[in-house]
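Take a look at this single chain in structure tokens; it is the form predicted on its own.
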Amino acid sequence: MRPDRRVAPWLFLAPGLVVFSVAVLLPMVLTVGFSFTEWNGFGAMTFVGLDNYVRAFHDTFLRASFLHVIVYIAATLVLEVLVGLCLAGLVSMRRGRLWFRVAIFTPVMLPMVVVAVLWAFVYNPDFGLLNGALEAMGLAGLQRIWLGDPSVALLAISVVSGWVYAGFYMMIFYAAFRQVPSDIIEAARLDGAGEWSIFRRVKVPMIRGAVGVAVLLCVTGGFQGFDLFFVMTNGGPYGSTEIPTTLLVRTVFRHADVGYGSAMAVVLTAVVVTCGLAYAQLQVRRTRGAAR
């Protein structure tokens, strides 16, 4: 077939489009359709219109789950993005730190279920490493049932997430720092600027694009979080770590309420897409303002 035929590109795209349509588009369309029904997954469907969305709007558990995930995202913006940025700045200041980068990035390569199980042992109130270390340092008063205390359980999970993904964002920022022209850094050093001043006033402002991408990834990824919460606390204790995804899975698979679960999925998707579009629009406005 000659490459100038108009149908040629579509033939090459067809396999990917078929897979995308079956694996992504079709489930999305079916989910939207199910959200207008009352269905347990096996019997007959009953069309209920917008009742599921009205129910979601008045669901206090769903609102609380969104509040929890917002708190989680705020914590991970510090524990993942900010810590990753500082680690990248630390690594970029010195040469020959490959072993350090590999060590920090290693948790990213571990399955999240494995990470959750390992940290569940660390947080164990009876023989866990954390409580043992606090006792050894004479700080027994700070010991907690970390995953069983509603006041600290969400923060405990956020720390685990930060331990995993700080290395991921470190590599993003480190790659961005490598693109900063060396002559600008050398000029700053000749002017008497220290490494911290160069990092804060030269390097970070020049990688604003990478920082913006990292923040967007952290926010959207926070809304999609599931496995860490499901394995470590499954929404407990007393719903203090319940997030939309765990509530959604419980609604569909434990309570067999596919219609309402689908409505929750649509609402969650709309929130994530809205956040992404709003952030992208904000970045465009900032870019235009800087250009002016």
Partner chain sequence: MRTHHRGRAVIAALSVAALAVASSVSGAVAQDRTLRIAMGSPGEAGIRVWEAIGAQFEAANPGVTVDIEFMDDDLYQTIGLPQLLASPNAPDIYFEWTGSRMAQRAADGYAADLTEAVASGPLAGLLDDELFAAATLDGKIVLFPHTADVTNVLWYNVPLFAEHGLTPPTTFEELLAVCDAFVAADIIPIATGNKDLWAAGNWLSHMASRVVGEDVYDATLAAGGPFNTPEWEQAFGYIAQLREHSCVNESANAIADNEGAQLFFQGSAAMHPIGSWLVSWAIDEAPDLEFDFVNLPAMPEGSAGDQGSAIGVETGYMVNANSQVQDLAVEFLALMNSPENVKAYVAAEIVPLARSVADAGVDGRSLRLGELLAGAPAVVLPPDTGYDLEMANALYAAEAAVLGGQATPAAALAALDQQLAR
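Numbering follows the first chain given and starts at 1. Bear in mind that the values here come from a model prediction, so they are computed numbers and not experimental data.
The following text describes the form predicted together with its partner chain, which does not appear among the structures shown.
Proximity of residue 63 to its partner chain in the model of the complex falls outside the 4.5 Å heavy atom cutoff. In the model of the complex, at least one heavy atom of residue 145 sits within 4.5 Å of a heavy atom of its partner chain. Within 4.5 Å of some heavy atom of its partner chain in the model of the complex lies at least one heavy atom of residue 232.
A residue is said to contact a partner when one of its heavy atoms sits within 4.5 Å of a partner heavy atom; residue 191 fails this definition for its partner chain in the model of the complex, lying far away. Although its partner chain is not shown here, in the model of the complex the stretch 41 to 64 places heavy atoms of 42, 55, 61 within 4.5 Å of it, in sequence order.
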